[in-house]
Every structure is written in C-alpha cells, then in structure tokens.
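Next up is one chain by itself, shown in structure tokens, the form predicted on its own.
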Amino acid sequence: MNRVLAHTGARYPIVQAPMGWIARRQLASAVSHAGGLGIIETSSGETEACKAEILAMRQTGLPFGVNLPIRFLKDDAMLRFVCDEAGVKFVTTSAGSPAKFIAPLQAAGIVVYHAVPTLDLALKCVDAGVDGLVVEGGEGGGFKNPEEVSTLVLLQAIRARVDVPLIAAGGICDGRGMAAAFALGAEGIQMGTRFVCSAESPVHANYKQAIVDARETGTWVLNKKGTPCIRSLKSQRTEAYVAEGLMPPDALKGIKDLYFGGDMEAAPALAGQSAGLIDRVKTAQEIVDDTVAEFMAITARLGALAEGRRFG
C-alpha cells in the first residue's frame, strides 16, 4: 500500500504545491478532480480569504489539503480553524518548526507532513512525530534554503535514515521525474511550477509563457545572504539582485501585479528549474494523466529489466 495515497485519499500520489495566492480552489479543485491532491495555501496572509477557499474546497467533496507556513502565520487563528472547523484531513507544514503544531493537528485527526530542505531538519521532524515529509530539493521554486541540496541527493540521504513516507519536491514536472523520485524512496511527488503553468492556474498568461520560454538555466537563487532566499525566473529585476547579492526588503511587494497583472518586472517570478522542461500550457487533467502514463511506462520497462537481470 502506498502510504501517501492512504494519507491523502487521492487517486494518484501527485500533490500540487501551496503557492501563495495561486493555490486556491480554482487550481486545487482541478488537480483533485484530475486524481491528484490540491492544496490550499495560507502563506498569502489573507486569513479570511483563505478560510473561505478552504470551506469552498470542502464543499466539492474532493480530497484536498491545507498548507500552514509557520513563519508566516500572524497568530494561531488558522491553526484553530483547520483543527476545529475546516473538515481538513491532510496538512503540510513548512517554514519553521512544526513541533507545536503536530499535537493539535493530530488530535483533530489530521495527517501532518512537514516540508524539509535538509537531513537534520528531517530527523528532528520525525522525532517530533510528523506522519510524513515533503522533501524539498534546491531545484524547486519559491522560498529556499540558502544551502542548496538537490532532490537527487536529499531524497537518498533522508530515505537512508527514516521510514516515514516521503513526497519528493523540486525539479519534478512529469513521469520521468516521478519515476526517478520513486526509485530514490519517495511515495509521492509535489509539483509547483508545472501546475502554475496549467490552464486552470489563475496567473496571467505572461507568467505562464515565461515558464514555457525558460531554459533549464532560466532561474536564479536570490538573496542567499538575506531572508527570504528564493528561486525565481531570470529577468532584468532579478539580474540586478544577483549583481547586488541581496534583495531589497520590499522585493516581493509587487508579486500580485506579476501574478495577476502580467507585469513580469514587478517582482521576482517564483519558479523552479523544471521550467526548463515545460514546453506548453496543459490542463491539470492532462498534466496528471501524462505524468501517470509516463511513470507507468518507465517503471514497467525497469521492472522488465530487473526481472530479466539485465541493463538494456
């Protein structure tokens, strides 16, 4: 039995990442309807809007989850809401220690996975009692650990030391990436950039086209000496930040103008290195179906090789 499927109730172990402002009902319901697991974000800080999105998502009857980014929550209002009123069964926590969140969430019957960028943090989270981990490699977009560890290395390091289910994140956008992640010990994958560039994603067409146009070298990690450290698409604005070595404190102030207004210089455009592997906008259903079909074809071929004890 795949433990991620048992924990999420999804048909496929494909999770949509919790991008601020983007990961709301429009996208999450499309992903869940396609057989994956849609996640509702709360990192935008728009507490009442996020509560409404969670309740609306619950009304769909589809499996879904909620992300609680610990560092960005102003108070415990969202935690209490998720535990007491939301009808949520699966939560990912991130951006901080989940120690104080695990007990109340699990007492409410909620499964808790924490997002980790290092082995040390993974071990601490397992000791604290999480049900699983989202293993975030440095290839992913958005907020990053300044000490980058690739998904390829991080998955192996964590799987060698823990037995909880792992969801691989960072650099994955298709069945090839999913098959590789499973070979390294994952039981599920999380995709952000791929679902940002989906037909149901609420972002402006300019943002989606920038992802399609990006090459594998089309992103930078910014602000390694400051907070937050992020991975974003290359642009005139981000080139200046790379040259300076730091981002100004208000660098992300215009992010909604970029997301929804299409001004690609309004802020850094958060995206992962997998942008270089994405060549067109697809529906969420196409993304999930294509990923599953490719995963099954690759694992079937590898299974045949193993059965025949051969390499080709």
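The first residue of the shown sequence is 1; numbering continues from there. Not measured: the values here are computed from a predicted model.
Although it is not shown, the form predicted in complex with a further copy of the same chain is what the next lines describe.
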- Query: Taking the partner as it appears in the model of the complex, which of 194 to 202, 67 to 75, 169 to 177, 81 to 89 has residues with heavy atoms within 4.5 Å of a further copy of the same chain?
  - Reply: 169 to 177
- Message: in the model of the complex, does L305 come within 4.5 Å of a further copy of the same chain, counting heavy atoms only?
- Response: yes
- Query: Quick one: does G185 come within 4.5 Å of a further copy of the same chain in the model of the complex, counting heavy atoms only?
  - Reply: yes
- Any of the heavy atoms of E136 lying within 4.5 Å of a further copy of the same chain in the model of the complex? no
- Message: So, E216 and a further copy of the same chain: in the model of the complex, are they within 4.5 Å at any heavy atom pair?
- Response: yes
- Task: Just give me the single entry in E239, D163, D120, D127 that has a non-hydrogen atom within 4.5 angstroms of a further copy of the same chain in the model of the complex.
- Result: D120
- Query: What is the one choice in Q156, Q209, Q106, S97 with a heavy atom within 4.5 Å of a further copy of the same chain in the model of the complex?
  - Reply: Q156
- Can you work out whether a further copy of the same chain is within 4.5 angstroms of a heavy atom in all three of M1, E148 and Q273 in the model of the complex? yes
- Does anything in 287 to 312 come within 4.5 Å of a further copy of the same chain in the model of the complex by heavy atoms, and if so which residues, in order? V292, F295, M296, I298, T299, A300, R301, L302, G303, L305, A306, R309, R310, F311, G312
